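Shown next as structure tokens: one chain only, the form predicted alone.
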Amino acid sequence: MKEFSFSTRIFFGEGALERLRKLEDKRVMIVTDRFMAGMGVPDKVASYLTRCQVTVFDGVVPDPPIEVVAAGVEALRDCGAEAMIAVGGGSTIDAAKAIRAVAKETLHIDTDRWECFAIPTTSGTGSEVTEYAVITDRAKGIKYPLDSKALRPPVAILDPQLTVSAPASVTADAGMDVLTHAMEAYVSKGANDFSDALCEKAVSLVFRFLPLAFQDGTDLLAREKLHNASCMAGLAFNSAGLGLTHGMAHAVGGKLHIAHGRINAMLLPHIISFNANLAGVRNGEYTVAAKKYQRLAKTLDLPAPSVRLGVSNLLREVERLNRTLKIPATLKEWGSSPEQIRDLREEMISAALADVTTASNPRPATAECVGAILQKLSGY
């Protein structure tokens, strides 16, 4: 028996922030980062909270470490918050989820009854609707994926106006994170009819609208469609799981300090090839993943009269999109040295295999397989 469910209420489109006006007579803590604070985004959100007492915690940093979560819990305790609003990218929403969960355990606050809002300002992680969060242990150089239904935000607000200020590089990285979520969930061991439908729609939206948003950040239609795609992909992988792309991205990105969406984009073509395993086809028996990649190629109107041609054309289309978005193809192009990769190789392989997302990859991965992919990714 399988299950597909989500408890998050989603408000989307222009004017979605109006939903905040229903908050009355509450002590509210807005969780964000200093960049968003400097851009005045928390102030814009606070303008809808005229009947609330608002405190802003702007201490979130990319790939939030354990220390940021602890600081957020302390800020929450000091202001006596009764509601929380996370405003920012995936790192901010992940940090807010962790703060809420830790506060429940350490301060004995029934945060499950709180009104909590996730308001993404990038179209990437889908964190506003998932039960996952990624927290970093900087001392060990490891990213830890947290997984609990208690982490799901009760309300998500998708207002495309808040994504307009995202730089082109951030738009590219975040958009490729969306594509990776959708393509991994589509072939994941936990894939189902409901998640597949969301994945197919998300993939088609990304290929159509990500280049437009990258070229013109003020294109509000493109921004809205990417925001919706991000949320759909989040709902899909929350049900179906992810795969080796994310397992390796957490490991390689954590060790080499590469933005999550970017390293996902760099890895995705290699993992498509690995999962499709065209070289291992015997007697015309293709893997389920290969057949589903062919179906995605058809969804994108790419030539796919056979499984082999469909996979090949899908792979080339992903590589073409990466080039359009100016994403490096190799770690060498990114700037990593061969010595750095060699010294961290075994640690990255072990971390990738131990990552919770790797378990749902459609093709089992061994240390030898991961090492081979890492070698191809390196460019050396």
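Sequential numbering from 1, following the sequence displayed. The structure displayed is predicted, hence computed values, not measured ones.
What follows is about the form predicted together with a small molecule, which we do not show.
Screening 207-215, 68-76, 114-122, 271-279 for residues having heavy atoms within 4.5 Å of the small molecule in the model of the complex returns a single hit, 114-122.
Across the proposed site, Ser312, Leu314 and Lys332 without exception lack any heavy atom within 4.5 Å of the small molecule in the model of the complex. Looking at Ser188, you'd find every heavy atom of it more than 4.5 angstroms from the small molecule in the model of the complex. Residue contact with the small molecule in the model of the complex: Lys97 places a heavy atom within 4.5 Å of it.
Heavy atoms of Asp177 reach within 4.5 Å of the small molecule in the model of the complex, making it an interface residue. Although the partner is absent here, Ser91 lies within 4.5 Å of the small molecule in the model of the complex, judged by heavy atoms. Distance criterion of 4.5 Å from any heavy atom to the small molecule in the model of the complex singles out Ser165 from the list Ser165, Asn192, Thr287, Thr299. Contact annotation: of the candidates Ala222, Val307, Val134, Leu198, the single residue with a non-hydrogen atom within 4.5 angstroms of the small molecule in the model of the complex is Val134.
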